[in-house]
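Take a look at this one chain, the form predicted alone, written out in structure tokens.
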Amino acid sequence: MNNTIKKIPLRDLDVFISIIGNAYPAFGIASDQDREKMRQRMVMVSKDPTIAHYGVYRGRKLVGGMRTYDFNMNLFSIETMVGGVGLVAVDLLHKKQKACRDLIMYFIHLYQRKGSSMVALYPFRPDFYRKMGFGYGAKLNLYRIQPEDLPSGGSREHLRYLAPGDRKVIKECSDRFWQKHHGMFKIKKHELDYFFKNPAAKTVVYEDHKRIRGYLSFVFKRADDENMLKNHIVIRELVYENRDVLRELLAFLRVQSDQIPQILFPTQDDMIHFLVKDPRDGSDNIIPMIGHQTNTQGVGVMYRVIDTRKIFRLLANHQFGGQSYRLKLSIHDSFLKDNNGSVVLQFDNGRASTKKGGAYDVEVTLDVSDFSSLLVGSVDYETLYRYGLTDISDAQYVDTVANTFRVKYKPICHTTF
């Protein structure tokens, strides 16, 4: 029986919640009360016109679903809509029947119709989504920091707790941070609700002249089942507009050392070991040869270009390394046939324009997954070439192509979805 995909009506929401609960037991959707809370959250989120739930049906039976998001992404200081997908879940009885594949294909075509040139997701299996053309973003690091190892000094005179009336000013702070950081997604209403409606969330803000310049949001996590007085701090989000803001927020964390053994900090910043006195994460693990473990790493958000020509038109004013030459870019995209093929790019002092064809100086061939990672700046071309993940018609152009796609900062993303 063929799969049919459409928006999930309210009458089928309970079925979708059951599918999600079985697919993700860690969500803890076990009791009727849990299911009702989940239902209320989904109905609330669905009121946002940029968020929708789609289901895959066999006949009239819902066998899987997903949640889609219209995100506004900062792509090299250019605002663009990027499609996001989450809550991808398939009924346990209907796995291996291409339901997930069909959902992702529908998701990609949905955002092509919406005019987007890129989509993103957090993978339940990175290899599965890489086969569908998604490329790795910057790695996610988990640092475990002892508070006393944070920099000493720094006042806390500008710090206070988040107040109920701060919704507008904290969004303004988040939006300013978004405008300055490549890869960031603009904050949504339900994300703002987290700060104000989640009783477990604690948020400290830096205020200067009635303007919030940064904030630290965190939760507590029991450090020892036998000692209720010891808790870890788990950072949910750290935003700061300048180093003075960061200094005070770190000073706040440092003085918690009497009850906080460790601060757990998930971040895409891989330079945190320079910030602390002792970079070790407390595991005492030695990595051959004689490397002290500072953090653990994982693959997080993945990106996918779904329209190569359009994304270069979008980036017409982006500076591609000051290069001047003509590049034939040949993309292998087996999952999305209309994005499979070649485009000729003319670079003039770093400005790119697409051509219908004609002569070119060099041809580069690579998979759409690696191209997506290259474009956003989470991998450099030299690495792809060294690993044999790309072919080039003239090796003398390796440095030229590398400089074309080189970025100052890798993309960062604070949004979970």
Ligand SMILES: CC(C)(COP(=O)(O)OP(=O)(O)OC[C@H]1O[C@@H](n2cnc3c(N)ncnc32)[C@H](O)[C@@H]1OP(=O)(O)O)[C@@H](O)C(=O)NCCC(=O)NCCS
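Everything quoted here is computed from the prediction, not taken from an experiment. The first residue of the shown sequence is 1; numbering continues from there.
Omitted here: the form predicted in complex with the ligand. The next part is about that form.
Contact with the ligand in the predicted bound form, judged as any non-hydrogen atom within 4.5 angstroms, is confined among 310-318, 160-168, 88-96, 273-281 to 88-96.
With a 4.5 Å cutoff on heavy atoms, R156 does not count as touching the ligand in the predicted bound form; it lies far away. A residue is said to contact a partner when one of its heavy atoms sits within 4.5 Å of a partner heavy atom; V398 fails this definition for the ligand in the predicted bound form, lying far away.
Put simply, Y409 is far from the ligand in the predicted bound form: not one heavy atom of it is within 4.5 Å. Although the partner is absent here, Y106 sits far enough away that none of its heavy atoms falls within 4.5 Å of the ligand in the predicted bound form. Taken together, K139, Y240 and F265 are entirely out of contact with the ligand in the predicted bound form: none brings a heavy atom within 4.5 Å. Checked against the ligand in the predicted bound form, the candidates F128, F196, F220, F252 yield a single residue with a heavy atom inside 4.5 Å, and that residue is F128. Exactly one listed residue, out of F71, F76, F177, F335, brings a non-hydrogen atom to within 4.5 Å of the ligand in the predicted bound form: F335.
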